[in-house]
Structure formats: structure tokens, C-alpha cells
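Single chain ahead, written as C-alpha cells, the form predicted on its own.
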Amino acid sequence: MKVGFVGLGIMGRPMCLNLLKAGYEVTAYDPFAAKALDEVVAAGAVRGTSNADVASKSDVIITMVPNSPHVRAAVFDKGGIAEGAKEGLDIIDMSSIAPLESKDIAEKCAERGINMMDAPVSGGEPKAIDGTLSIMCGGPKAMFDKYEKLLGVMGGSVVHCGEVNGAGNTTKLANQVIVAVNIAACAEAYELATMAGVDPEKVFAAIRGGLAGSTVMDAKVPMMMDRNFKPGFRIDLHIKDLNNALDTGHGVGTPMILTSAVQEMLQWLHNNKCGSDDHSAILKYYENITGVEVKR
């Protein structure tokens, strides 16, 4: 199986490296990440010269780019995947984009004889590096079955969420809502503990094994207490995901009250030069109000 990989950012680079480690033949390209492209080529990938070039050398292409317009551009722009695609090429879009956009892109691909499945991921850079991402797939079950083993190289959990294109991205939006609200709740709670004179590290030790405990708390609260806001998942990317969630929620008529509140926090942080921080930096929103830092 010849695999193409388009998009070598924070997530795409380690995902591509894991495919190479597993022995897959990979052709890679990213015009915006020259250093990452050099790294994956050094690890054994073939250097692509364009998205069309990658398509011409691949049976399946994985795309891992920031948002809906970037997926459209990667596939349909001049020098794009569609230009170099052979009949029956499969695209697995692992970007996190709006579900209706995913469905529309898949339909336009089908008109050109290209198959597409959406397979967004959760877990951030650490899980991309160790190959334990949660992967949420939408599209034909036959295509999921065909590539489940391939996806398993990059993910610890690979789940087919529905036959409809966009089902994976709808699942990812639900994930991103829960993560964002959970981080905000942690920031609020640990700010409360600190201001009440209780050591946040002891609060963490006391409650993490109870009902309040979560993967989010285990991953993000130590970062908060260490003042470590190096991005595993940037605030600006979470803003993008919550915008997609809000648009989708408004479209189907569900209230998005908590999501809207956290989105305002994230937007404030973006406007105050924190957009490239990890989303655990929601804590800074509270600290700006109180003037009190949470730390060990």
C-alpha cells in the first residue's frame, strides 16, 4: 500500500513518522513546513513536490491540515490532490473541520472518482507522538474496514462513527466541547482553591481519583501548576473547533450555552497574545481577573 501524507504540522509530522516506523511506504508534502518535511524524508519518506505529485504516487492520501478551507485547497486548488489522482484514489481527511464542509468535499470528490472518509483525531501532540490518538471516522464502513489497521498505527482508539461523511467531525466537535468546558472548569476550581488558601497540588491529589477526575484534569492541571503553556493544542485551534461546533449547533437547533461562554474566554486570550499557548492557558483568563496565580 502506497500512502501519501499532506500536512506536517504539530500533529501531522509525528503521525507520518509513526507510519514510517510501521514500515509503510510514504510520500509526503507540506509547502509550509520545510523542516518537518526534511525530517520525515530523513526518516524514509519520499519527498513530494506538490499535492498532485503525492496523489500520483499513492493509493491512499492522509490530509492533516488546519481547517475546512485548507482541506478544499489541498484537494481542489491548482496542483491539488484531485489534479494528480488516479481513478479510485482514497482520501482520509484527519483534519478537524466543519461536518457539513466534510460532507460537501466528499461529494465533490465522488464526482471525480475519488473516495473520502473523515477521521479527525483527539489527544494532542503527546498522543500523536506515541501513536495513541483517538480517531473518529465517518464515511462508508467498507472504507473504514479497509484502513482500520493503517489508522491503528497512529491511534490507540479507532472508531467508526457513522456511514455519513462528517460523522467523524461531528463526534470530534462533541469531544472538543467537552474538553474545552472541562479545562475551563479545572481553571475555575483551582483558582478557587488557591484563593481560599488551599494548596492546588493537594486538591489535585485528593480529587483526581473521584468523580471529578478526568483525562483532561490529569493532562492539563499539572501544566497549569507548572506554568507550562507550551502548546500541545493551541488556543487558536480550539477557537476554530468551537466556532465549528457553534455553527453546527446553531444549524441543528441545539443550545450551546457553555460552549459560547468558553469561546469568549478563548477569544479574550487570543486578543491578549495567548493564541499560541496551550489551551490549558484558559487559566490565565481567571488569573487576569483575580491577580492570583495558580502554581505548585
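Throughout, we count residues from 1 along the sequence that is shown. The structure presented is a predicted model; accordingly, all values stated were derived computationally and were not measured.
The next section is about a form of this same protein that is not shown, the form predicted in complex with nicotinamide-adenine-dinucleotide.
Only one of 232-240, 264-272, 246-254, 37-45 places residue heavy atoms within 4.5 angstroms of nicotinamide-adenine-dinucleotide in the model of the complex, namely 232-240. Listed residues 165, 194, 95, 171 were compared with nicotinamide-adenine-dinucleotide in the model of the complex; 95 is the one with a heavy atom within 4.5 Å. The single contact residue among 224, 183, 117, 74, judged by any heavy atom lying within 4.5 Å of nicotinamide-adenine-dinucleotide in the model of the complex, is 74. Although the partner is absent from this view, residue 51 contacts nicotinamide-adenine-dinucleotide in the model of the complex, with a non-hydrogen atom inside 4.5 angstroms. Among residues of the shown chain, residue 57 is not one whose heavy atoms approach nicotinamide-adenine-dinucleotide to within 4.5 Å in the model of the complex.
When nicotinamide-adenine-dinucleotide is considered in the model of the complex, residue 65 lines it closely, a heavy atom lying within 4.5 Å.
nicotinamide-adenine-dinucleotide is not drawn, but in the model of the complex it has no heavy atom within 4.5 Å of residue 135. Residues of 19-38 lying near nicotinamide-adenine-dinucleotide in the model of the complex, listed in sequence order, are 30, 31, 32, 33, the criterion being any heavy atom within 4.5 Å.
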